[in-house]
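In the block that follows, a single chain appears as structure tokens, in the form predicted alone.
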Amino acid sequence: MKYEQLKLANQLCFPVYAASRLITREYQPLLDKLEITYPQYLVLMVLWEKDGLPVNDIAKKLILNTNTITPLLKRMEQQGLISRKRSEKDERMVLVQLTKKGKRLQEKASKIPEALVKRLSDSKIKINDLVKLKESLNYMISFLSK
């Protein structure tokens, strides 16, 4: 091939993309039991950590645009997982809060990370290697999201 740099096997982005999709696929049976999608799970994790955040803060934490997260939040509100309301201090700001149903999911969801780690540890991948990979990816994300 004339342009070696264009071979899929030589790309950094493809293994990261493929691993992300495959890991998300591993999550799905666990999330199906909670009747949520992976993006909804991410939003819930942000709110379980700190409830009552503005839409912009959630989008920033998840490295998403607000126009991407807004339809997701609308669906979550229809499912009864969250509520959205305008801030009394600044009507341009929409605050997102967990409902009782959204809060109750936290206990069930708390078992998901352990189940995923168990699944991955059944392979030949060592836990220490996963931790190093996570640290490297966090560094890359931090660098690229500036």
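Numbers for residues come from their place in the sequence shown, where the first is 1. The structure displayed is predicted, hence computed values, not measured ones.
Form predicted together with the DNA: not shown, discussed below.
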item	value
Partner-contacting position among Thr99, Ser121, Thr70, Gln106 - heavy atom within 4.5 Å of the DNA in the predicted bound form	Thr70
The single option of Val117, Met45, Met93, Leu31 touching the DNA in the predicted bound form, heavy atom within 4.5 Å	Met93
Non-hydrogen atom contact Arg21 with the DNA in the predicted bound form at 4.5 angstroms	yes
4.5 angstroms heavy atom contact with the DNA in the predicted bound form for Ile112	no
Proximity of Lys61 to the DNA in the predicted bound form, heavy atoms at 4.5 Å	no
Contact test in the predicted bound form: Lys50 vs the DNA, heavy atoms, 4.5 Å	no
All of Lys126, Ser142 and Ser145 with a heavy atom within 4.5 Å of the DNA in the predicted bound form	no
Within 4.5 Å of the DNA in the predicted bound form: residues from 12 to 34 (heavy atom criterion)	Tyr17, Arg21, Arg25
